[in-house]
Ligand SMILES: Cc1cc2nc3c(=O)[nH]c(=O)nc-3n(C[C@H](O)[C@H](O)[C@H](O)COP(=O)(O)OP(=O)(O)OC[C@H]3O[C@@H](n4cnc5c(N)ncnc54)[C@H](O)[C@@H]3O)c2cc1C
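Listed next as C-alpha cells is one chain, alone, in the form predicted alone.
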C-alpha cells in the first residue's frame, strides 16, 4: 500500500512552503495525472498538497494592460464557457471544449495541465500560439515565464522545486485564432493538434504564430510555417505551401500513428487552423 499523506493548503505561501520543505511533496490540482501514477508506480510515498482551498486561483479577468489573466485553478470547462475567451481568444475556447470528456473538463485545471506538459495536451499548443506568459510563485518569490521558455522538453517544464503556476496572462492583440484537432477516438487525446494566431496588415500576414501538439515529443512552435507566411497574402495556395515547412520536424511514432502519418496530419491541420484564423482576422 502506498504511504500517501494529504494536506490542504490555505494560502499560496503555505502551499509553496509545503512543496519546498516536504520530501516527495506534490501539488494536487485537478488530480487526473496523479490518479494514474500509483498504477505506474511513480507516486510512491508522497505528500499531496491540495490547492483547491486557496482563494483567487480560479479567477478570470483583464489586467490593467488589457491582457486576459486566467487563474491556474480555473477548470477546463470554465475556459470553454467563458464569454471573454470565446470572443477574444477563440482558439483557447475551442481547444478547451475538446479536452477529454465532460467529467475531465469539470475537474482538470489549466495550471495542472500546463505543469504536467503531456505531449498530447491541447492547451500547450494554444498558449504557444497566443504568446502566453505564465506567472509562477516559489520559495524565491514570483517570476514570469513566456510559454516558449516554460516548455523545456518531453514532460519537462521550467518549474523548480516548490514553484507553482499562479496564473496565465494572454495579450489581446487583435487578429484571429483557431485550433484544429485530430483526436484518438478512445483516449480523446490529440494525435495531432494545431493552433494558429494571425494578424493582417493591408491584407497580408503581419504576424503569425503556429504551434503543434500530439505530433511531436512536446508542444512546439512551427517557426518555418510562420516565416513562410509572414508578409504573404494568405491565399489557399500560400497557406498550403507554408504548411510544407512543418515537414522537417521530428515527429512521434507509436502504435496509434507513425511519424509519417503525424507529419501528414500536421500539414493538413496547419492549413485548416491558419485558414480559419485568417477568416477571423478579416
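For clarity, every value in this text was computed on a predicted model and none was experimentally measured. Positions refer to the first chain, counted from 1.
The same protein has a further form, the form predicted together with the named molecule, not shown here; the description that follows concerns it.
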Report task. May I ask you to choose, among 28, 249, 46, 68, the residue with a heavy atom within 4.5 Å of the named molecule in the predicted bound form? Result -> 28
Query raised in the report: Of 128, 79, 192, 165, which residue is found within 4.5 angstroms of the named molecule in the predicted bound form when only non-hydrogen atoms are counted?
Result: 165
Query - Interface segment, criterion being heavy atoms within 4.5 Å of the named molecule in the predicted bound form, picked from 141-149, 82-90, 201-209, 180-188 - result: 180-188
Report task. Flag residue 170 as yes or no: does it have a non-hydrogen atom within 4.5 angstroms of any non-hydrogen atom of the named molecule in the predicted bound form? Result -> no
Requested in this report: Evaluate residue 33 for contact with the named molecule in the predicted bound form, applying a 4.5 angstroms cut-off between non-hydrogen atoms, and reply yes or no.
Outcome: yes
Query - Residue contact check: residue 158 to the named molecule in the predicted bound form, 4.5 Å heavy atom - result: no
**Report entry** Partner contact for residue 108 in the predicted bound form: the named molecule, 4.5 angstroms, heavy atom
**Finding:** yes
Query raised in the report: What residues in 191-210 sit within 4.5 Å of the named molecule in the predicted bound form, counting heavy atoms only?
Result: none
